[in-house]
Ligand SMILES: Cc1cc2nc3c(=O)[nH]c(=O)nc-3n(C[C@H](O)[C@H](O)[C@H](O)COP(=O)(O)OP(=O)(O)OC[C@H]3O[C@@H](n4cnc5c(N)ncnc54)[C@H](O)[C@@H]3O)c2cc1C
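Given as structure tokens, the chain that follows is alone and in the form predicted alone.
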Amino acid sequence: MDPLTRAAALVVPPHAPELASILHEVRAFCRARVDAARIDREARIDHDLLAAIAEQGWFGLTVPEAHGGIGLSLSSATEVIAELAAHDGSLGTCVGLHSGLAMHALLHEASPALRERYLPAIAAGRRVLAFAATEPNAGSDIASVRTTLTREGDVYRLRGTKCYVTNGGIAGLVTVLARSPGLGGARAGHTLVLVDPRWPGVQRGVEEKKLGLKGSSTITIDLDDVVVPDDHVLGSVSKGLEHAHHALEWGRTFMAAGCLGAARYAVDAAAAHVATRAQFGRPLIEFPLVRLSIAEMRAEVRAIERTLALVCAHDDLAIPSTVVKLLASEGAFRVVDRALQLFGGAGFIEDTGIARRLRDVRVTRIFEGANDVLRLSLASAALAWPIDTLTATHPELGATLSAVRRARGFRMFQDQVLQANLADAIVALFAATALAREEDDVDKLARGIQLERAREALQRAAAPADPEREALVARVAAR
């Protein structure tokens, strides 16, 4: 069954009973202890704040209770990350990446002995986690990593360089993806290993200077002939690429939660501003265009909320996590950008905090899978979906896919513009499915917007190829 058809049949489970209490604690803590402007200005989350967060137990959100964690479900854990991100993007990124992308392989692929050894310290915040896959010449093409794991005698040796390692400067453990040619019977396999940055041969670089999320640690890590014990291999030797993709599915879901937090903050701040700011003798909220902006911003946030909840109910996150990452990162940027516009000149000034939010949210369309690449991946998968079952729930998409197959044949896999339009339609239709219950006016508006986006994207996808325009584009780009 294709993911859209399955989504229509899913029931979103309720949150854990303790979630409301945890969210209350997060809000109270952040209001009292988190100075987002200072974090941005100093480009770091100071040790005392990290220690206080560890004492609250929030580094153990996804660690099972048996190992000292809170043991929240994916749905509940992402709500906590959204709340943290609403107060500060760097803080949400730090805890969210630790709990999501960097935690997944340790929870699901490590041996029981390794979990027993490390998870209690992780839950207590004594070991913050990081995930290292990206390299100077390997970004979206994760399979092209050059860091290499070899077997020499009775140990493994790790050699290479990883860049843009989030949490790298504060990490107590790093999951590393490496090529492992010849290991496990695979001529060109990949393997995940767990590395302690204190081991000989591990060298941490300086903190990167970034546009946004300045408080989030981002460094390069050099791995010079690092000895890796046998029991620190995560999952199966040579199956690391598969394990990494599963981790990224979790990571994208947590990242969407961070986007949700940023968008919630922005719409609340904008709504408060336009209710009190007066121009031409009346509050801004009385102007029709301002009302339209606020309403559409609320609808955007609601679409992310409902879609994230539906994605967390899926047992297979491969496509749903891509959908919610695209929806949330694009939607959050639109919401925060619109909030800055409504603040006018004040929004461009750092003291209001909106400029910082815009800087912070920009990278979400790039990391954990650049959106342009994820669109191609999503559309390529959709082009193989069975038309009959899909048409029953989403007839316009089924008809468009069928027409594209007939008209383009194999060439449809080479048309990236077509695929991008299909992906945009799929994202919007998935969100519309999540909003189908229409519990209130916000749901109704949000669903209407998503259906309109889907129709427009499908019309672009169904349009016949225009070789003359494609040639014009190629000439202009070449100049």
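All values reported here derive from a predicted model rather than from experimental measurement. The numbering used is simple: start at 1 and walk along the sequence shown.
As for the form predicted together with the ligand, it is not shown, yet the points below apply to it.
- Mapping the unseen interface onto this chain, Val165 counts among the residues with a heavy atom inside 4.5 Å of the ligand in the predicted bound form.
- Residue contact with the ligand in the predicted bound form: Phe367 places a heavy atom within 4.5 Å of it.
- The ligand in the predicted bound form comes within 4.5 Å of a heavy atom belonging to Lys210.
- Among residues of the shown chain, Leu183 is not one whose heavy atoms approach the ligand to within 4.5 Å in the predicted bound form.
- Site annotation in the predicted bound form: the residue of Gly139, Gly353, Pro283, Gly71 reaching within 4.5 Å of the ligand with a heavy atom is Gly139.
- Contact with the ligand in the predicted bound form, defined as a heavy atom within 4.5 Å, holds for exactly one of Ser293, Thr134, Thr147, Ser76, namely Thr134.
- With the partner omitted here, the stretch from 197 to 205, 299 to 307, 372 to 380, 226 to 234 that lies within 4.5 Å of the ligand by heavy atoms in the predicted bound form is 372 to 380.
- Contacts with the ligand in the predicted bound form, taken as any heavy atom within 4.5 Å, map within 94 to 109 to Leu97 alone.
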